[in-house]
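So here's one chain in two forms, each on its own in structure tokens, numbered structure 1 and structure 2.
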Structure 1
């Protein structure tokens, strides 16, 4: 037998002994009892004190504020996001008061300009936007109003509007294809307009023999791109037939 095999054998034996020793000494007792984790961890986590009470708890004593917030632009921002963990306050309201974030630095954590935020999310430049005065002087933190509600779709969807304006669909108002409630303009993320969902929608004007003016080109719905939605081939805001 070549020497190397003996050496390799010794090396493996040493490794195996080390492995068994480490397992015996370092792996906690309850590891593996209930899955690939330390079963006793559940008890120690359970024993930790609760810090957050949840916004339902606040409603009991602060109903007017809770109702106001639920109906506002901040309906998606929970009380304790701004006031910090408040379980102790719920248990003893007179003794522990949650902090109210009155300083100017707080609101820009969400509203300070940051290119990676979703399009349309209201953002300001905290340095230039009405400096030195606390945000609450002008905005109610429990019901911030959007400052000006734009009347036109173009105000926020400028790119789509400009694209459509030079397309074959220029004459079609946005509302022909989107049923957009007025509330969408005030709370665009909470209230979303509808979008066409089937081929038949476009067929309403473009199906051969449809009851539409003769200058609108018609297609045979049964054979024209029949396996796909129309907008998988035609951009609806700038449809082209080339």
Structure 2
């Protein structure tokens, strides 16, 4: 047998021994007993002390505040999201007080402008929006509806507004294409704005022969894009042709 084969066999044997030794040393005893994880981890987690009480426990003592929150835009936000773990407070309410964040930097953790947040989620620029003023001065955190209904779409649709501002549609008011009732500004989830649903809407400006200024591109709606909807190829808020 060639020496190379013998040496290779020895190397594989050593690696196998090292692998078995390391596995016996590092792999927990209960690993694999109930799947590809350490089964005893369930017992370890169960033994940890409880830190969160759940919003039901808060409601037992704070019913008026809980009712106000459940009827507001914060209805889906649990009490302990803002006030922190409350199990110790529930156990000894006179001795342990939960935190009540009042600093200005807390609310922008969710409501500071971030392009990754969904369209319509209320966002502000913390530098420009009432600088240095604590959010609670104008907004009740348990019923955070704005004291003044926003007059512009940018208040909630900052990303879309910023995109449209650098496009050929920059001068078009949002209501040119969207049917947005006034109720949408006060209750955006309950009253949704309307959107165009047919090619004819875009053709009102972009069809050949349309009553539009000469600098607006015109196309033959019968042949251009065939049966596709315009926004399947052109993003309406930044409609430059590809």
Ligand code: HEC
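Note that the coordinates shown come from a computational prediction; the quantities given were computed from them, not determined experimentally. Numbering follows the first chain given and starts at 1. Heads up, when I say rigid core I mean the largest set of C-alphas that superpose within 1.5 Å between the two forms.
Comparing the two isolated copies of the chain, the first one is the form predicted in complex with ligand HEC. With a cut-off of 2 Å and the rigid core superposed, residue 61 has a Cα displacement that falls short of the cut-off between the two structures. When two forms of a protein are overlaid on their rigid core, residues whose CA moves 2 Å or more are considered shifted, and residue 228 is one of them between the two structures. If you fit the rigid core between the two structures, you'll see the Cα of residue 153 move by 2 angstroms or more. Relative displacement of the residue 186 Cα between the two structures on rigid core alignment is 2.6 Å.
Its Cα shifted by 17.3 Å, residue 201 is compared between the two structures on a rigid core fit.
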